[in-house]
Each structure stands twice: as structure tokens, then as C-alpha cells.
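Coming up is one lone chain in C-alpha cells, specifically the form predicted on its own.
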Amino acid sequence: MAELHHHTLPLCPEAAASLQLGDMVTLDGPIVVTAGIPTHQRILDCIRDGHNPPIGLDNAAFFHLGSYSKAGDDGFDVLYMNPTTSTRFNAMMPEIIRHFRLRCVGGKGGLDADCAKALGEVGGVYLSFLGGGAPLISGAIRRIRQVAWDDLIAHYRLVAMEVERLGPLTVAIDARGNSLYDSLAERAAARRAEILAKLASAREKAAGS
């Protein structure tokens, strides 16, 4: 049965390994967010050039969260956050996951099999955010720690922040590389023939009535 867990970041390997598919999680502590493909490309450039990115990502919680932000004299203020589709970053994430040994990745829509394999290798998990849950997610922000790559639009910048009670988030890929998305797809495929047969039967009955 799925359980609700609360963890403080950075997530230790034992805590990540204890999470099961479908479990719900709330988080306290530091996270790093971005919604930009250019941001991911810059992170890959750092890896391949042997440089550290401006915000440390080792063992981090790295989330695909878009934000509406305001930069002013008082600093950078995130007015709201919402998950963006992680599958947009499928091609980039395996290298990022392995290099930084990311302990938590998250967003909406999941990641593909190559990303799940990378998470299994480093003992990391993918956490699915509630789509349209901006008030709940934004309410967890406590402070902005650092903003990098200011030349990008605010939505794409790399932002480190502190959160409190972020979630609940669903464990959709576990630390062994098992994916809830894959198991749901397999169950749907298994039922497809049965559903199509019922629809065909219903159409025949309707046509004969």
C-alpha cells in the first residue's frame, strides 16, 4: 500500500531506496529548478568542458518547474511555480543524472526508459508533481538561495531555493529504475484488445437496432 513520507533534503541513499512506486512524499530543504532546454544544454556543456555549473548539483533534488518571477531591486522573487513536462528533457537527462548522481528528479509526465535506467544506477527517484497545483507548490517556497544564468528569460534560469513541505509528490520512478509510467502503459496495452472488442460489439448492436 502507498505511504506518505516526509524527508529532508538532500535525500540520503537509504531514504531514496526505501521509497516505493506510488508512495507520496513531502520535502523540506534545498532544491534546484528550471524549465529550460537551453539551461539543460548549458549544464551538459559544463559536464563536457569539465566545469562546475554555477549552482552545485551533486546529489541534488533537480526539478522541472517553471516559474513566474520578478527581478527587482529587492532581488529575485518567484511569484509562482508549476511543473513542466519532463519528457522534453529525455535526451539530456541520463548524462546529467549520472554525472551529478541526482538523488531526486521531478516534474510532470515522467521520463523515458533511458532516464529510469540512469536513476536506477545512481539510486535516484523521479517524483511526479500535481499538474495545475501551482498554489500548493508555490506555497512551499521559503527563500531563494541563488539565481544563475541571468541572461536567460526568468523561466529558464537555474534557481536554487529552500522549500518546506513541498508536495505531496508521487514516486513515479523508484531507485531501482522501476517506472510507474511503464507499468501503467503495460496494463493499458493488456486491456486494449478487450476494450476494442467491446466497442466493436457495441457498434454492431447499435447498427442493428
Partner chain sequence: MTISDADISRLARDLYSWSLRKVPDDTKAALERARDLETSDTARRTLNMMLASARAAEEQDRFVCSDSGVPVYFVRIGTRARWDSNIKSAIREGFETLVETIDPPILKHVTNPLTLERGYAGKDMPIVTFDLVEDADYIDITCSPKALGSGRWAAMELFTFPTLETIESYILDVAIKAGSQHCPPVVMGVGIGGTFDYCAKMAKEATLRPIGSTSDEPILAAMEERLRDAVNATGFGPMGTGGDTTVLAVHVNYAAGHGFTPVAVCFNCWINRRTRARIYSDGTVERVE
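Bear in mind that the values here come from a model prediction, so they are computed numbers and not experimental data. Residue numbers count along the first chain shown, from 1.
Note that the form predicted together with its partner chain isn't included here; everything after this is about it.
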{"item": "Heavy atom of Met24 within 4.5 Å of its partner chain in the predicted complex", "value": "yes"}
{"item": "Any non-hydrogen atom of Cys12 within 4.5 angstroms of its partner chain in the predicted complex", "value": "no"}
{"item": "Distance check, Ala17 to its partner chain in the predicted complex, heavy atom within 4.5 Å", "value": "no"}
{"item": "Proximity of Leu180 to its partner chain in the predicted complex, heavy atoms at 4.5 Å", "value": "yes"}
{"item": "Interface segment, criterion being heavy atoms within 4.5 Å of its partner chain in the predicted complex, picked from 41 to 49, 54 to 62, 142 to 150, 170 to 178", "value": "170 to 178"}
{"item": "Listed residue (Leu79, Ala91, Ala71, Ala113) with a non-hydrogen atom within 4.5 angstroms of its partner chain in the predicted complex", "value": "Leu79"}
{"item": "Residues in 149 to 163 with any heavy atom within 4.5 Å of its partner chain in the predicted complex", "value": "Ile153, Ala154, His155, Tyr156"}
